[in-house]
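Shown here is one chain on its own, the form predicted alone, set out as structure tokens.
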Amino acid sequence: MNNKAPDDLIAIAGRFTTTGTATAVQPFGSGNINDTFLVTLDSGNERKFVLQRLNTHVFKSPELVMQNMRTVTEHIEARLKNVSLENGRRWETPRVLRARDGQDWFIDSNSSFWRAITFIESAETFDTIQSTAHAEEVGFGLGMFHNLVSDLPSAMLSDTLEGFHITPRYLSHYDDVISRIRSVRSPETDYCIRFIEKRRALAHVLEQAKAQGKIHMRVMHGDPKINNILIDTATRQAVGMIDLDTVKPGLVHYDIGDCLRSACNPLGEEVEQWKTVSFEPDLCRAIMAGYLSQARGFLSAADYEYLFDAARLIAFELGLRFFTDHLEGNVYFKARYEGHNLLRALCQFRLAGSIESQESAIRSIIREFR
């Protein structure tokens, strides 16, 4: 993606409709896909907004991404008017800001695709779980999001990332890449190759359940890792979910599994000592308590049967994706140094192994909340 000088960013920020004038633009967040900036305004009720340049190598139909985002956020806004939150909780969803030409986006002279969304004040995110209380709020946040969109027909959304969270497709792509690449061998790559070979059947578990009619398509977030769940800086309660680019029709199991694999690894995704990574059952229990406080109304008995599989599968899937991207030369995930995506893959495979080794305990936790 082309770099932009600060003056250019201020000019681009000015393309969107706000009540003030942009005075500063600075990098914001730690996303692996898009370029994200925080814009400061000189006046108005909302003095900040988020400006993003979408990675159109990943999001090949960015207009549909924006259409999905507006459909979901407007539905949530309407639902919130009739939802009574306990204990003075607040819940906010980012709003799409229109460009001055009325579109939900702006395309610059370099064909970069820009969008702007509102900034949610007095909230922060974390890359790693801070406590069991934080874990419960992360679970609540995902459950709240799923609850608010549970009556939104998934057919109203476009599939903007065909094959996203369809694990067999990632496995097929990996097979194609590994067959074309030579001289990739090292102790770490050998470990990854062996890990994948032993778990090929795992890739199909959720898609087979869907094909058999046991679990069904719903609206999914697509990327519910812990740093996409906003926490109120004062109350420490979950107040919203961000990064809605991946919202699409899918299985909520992929969301639940991604939340668990992200939040139950207290060391996080960026760990140099990958062999120290582990899945913590106490955090799993807290997340499930928070999630099911909101999600019990729409989960079926069959949905519960696949929650363990979801947690194990997503750790495996993400490891598979990181490893494949490493082999391809880091074309999807941003890499800050040589071997970064290989290290990320090792962390996820280690986490998947930890989940497998604690299957009985994790299934017992799930039964507690049924």
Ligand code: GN1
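Quick note: we count residues from 1 along the sequence shown, nothing fancier. Note that the structure is a prediction, hence the values are computed from the model and not measured.
From this point on, the text means the form predicted together with the named molecule, which you will not see here.
- Although the partner is absent here, L51 lies well away from the named molecule in the model of the complex, with no heavy atom inside 4.5 Å.
- Among heavy atoms of I33, some come within 4.5 Å of the named molecule in the model of the complex.
- Contact check for R261: a non-hydrogen atom falls within 4.5 Å of the named molecule in the model of the complex.
- Contact check for F59: a heavy atom falls within 4.5 Å of the named molecule in the model of the complex.
- The partner is absent here; in the model of the complex, the one residue of V149, I120, I196, L161 having a heavy atom within 4.5 Å of the named molecule is L161.
- D243 is the sole member of D104, D232, E92, D243 with a non-hydrogen atom lying within 4.5 angstroms of the named molecule in the model of the complex.
- Partner contact region in the model of the complex: 321-329, out of 61-69, 39-47, 335-343, 321-329, criterion any non-hydrogen atom within 4.5 Å of the named molecule.
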